[in-house]
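The chain below stands alone, shown as structure tokens; this is the form predicted alone.
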Amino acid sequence: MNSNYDVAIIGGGPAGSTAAALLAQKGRRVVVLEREKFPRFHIGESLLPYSVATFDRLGVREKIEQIAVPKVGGEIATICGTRSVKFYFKDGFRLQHQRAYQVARSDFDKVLLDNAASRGAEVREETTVQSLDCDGDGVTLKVVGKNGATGEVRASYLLDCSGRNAVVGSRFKLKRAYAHLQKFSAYAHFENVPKIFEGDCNLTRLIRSEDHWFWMIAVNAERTSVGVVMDTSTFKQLRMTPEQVLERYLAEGEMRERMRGAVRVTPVYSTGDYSYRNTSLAGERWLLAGDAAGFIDPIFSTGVFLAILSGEQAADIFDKILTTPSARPALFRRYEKKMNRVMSMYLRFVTAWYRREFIEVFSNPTERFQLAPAINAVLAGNIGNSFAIWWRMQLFYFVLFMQRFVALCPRLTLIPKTEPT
């Protein structure tokens, strides 16, 4: 089980499989070390339009369309049922792609991983990385295979895409939590969700309450992913199981009507305190990508988008430095700077979401200064390279700030209606 590679990749999720496929296409020797066996259940089913160009580059767009539901925008509503705003990517500011996809992640992730293998990457599933050591010439990984066989993998460079396990981040104690985003989520898949597949069904739906919110994502014609997100402290105070929590919150206000007659078809899954970022995204011989670099929040579906973006960026950088090793310091710094900028941009957006002013302002869209199309573009995955997007977002944040003190938009209670007698 001793091997030598140009790049070893820990994790076969969207970040790892994207990077592996692109490097293998360039003729690089790549190995993917994935601890699970695909397909496996995973959350994060909503994709963004700005990932479509990467799907084309990977050559998987047609395969994704065979397993996906087209997504043309989103809906943000209040739990009391008084406000509902739908936005469509076709109305976004200078968007190149006007649609994305909603997918069952078990199918989507397997398409990407199989594509990496078909491009020439070596994929080892059910393989766990026990330890790693870096030196001036490369990285040595000690691994255990599915049959208990142990060995070493030697590579010139390492790309950590191990998700929340964050192998490198844990090894070097780089993980730092966002103190203001300590959240808990409970979620499951349901069938017979009313009207989810009628009319403009292919929207990601977000329903906002005072201190929690819900997502509703149709992953195919029969099945819908539904989850609730709240503060971790709230979940602990409830003293309930995740299944009890999800059942309780789905019975309130607007969600009661949206879920009437729905049947849960999977176990209730849960996760908590998942928002963090590593203090360094690059080392002497390694880069971090996807959730191994950081995860902000499930709102706005940025997780898979950032994973694919970082995997693509990392692959291009490794390909360059394998040809020109002297370029490594500058390219690693550029990668780290770019990914930190993008994560900080979405962190600000997510932080705003958890303030009441966001839904008050967002649910009263205006075309003045093209603010609504600019926000739409950011929700589609525009990472703000243009000044035209940047100044409009600054104006949006200024309006949010003013809304705290002056009711520029009507105030909302965000209190669910009670069940009629």
Ligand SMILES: Cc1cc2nc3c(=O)[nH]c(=O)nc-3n(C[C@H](O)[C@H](O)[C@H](O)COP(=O)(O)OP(=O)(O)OC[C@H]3O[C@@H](n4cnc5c(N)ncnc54)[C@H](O)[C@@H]3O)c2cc1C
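Just so we're clear, the structure is a prediction, and the values are computed from it rather than from any experiment. All residue numbers are counted from 1 along the displayed sequence.
Here the subject shifts to the form predicted together with the ligand, a form of this protein not shown in this document.
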| query | Is the gap between residue 44 and the ligand in the predicted bound form 4.5 Å or less for some heavy atom pair? | reply | yes
| task | May I ask you to check whether residue 83 falls inside a 4.5 Å heavy atom distance of the ligand in the predicted bound form? | result | no
| field | residue 396 within 4.5 Å of the ligand in the predicted bound form, heavy atoms | value | no
| Is residue 348 close enough to touch the ligand in the predicted bound form, meaning at least one heavy atom pair within 4.5 Å? | no
| 246 to 254, 150 to 158, 215 to 223, 132 to 140: which one contacts the ligand in the predicted bound form at 4.5 Å, heavy atom to heavy atom? | 215 to 223
| note | Of 128, 241, 232, 280, the only residue with a heavy atom within 4.5 Å of the ligand in the predicted bound form is 128
| What is the one choice in 116, 79, 339, 167 with a heavy atom within 4.5 Å of the ligand in the predicted bound form? | 167
| message | Where, within 18 to 38, is there a heavy atom within 4.5 Å of the ligand in the predicted bound form? Residue list please. | response | 33, 34, 35, 36, 38
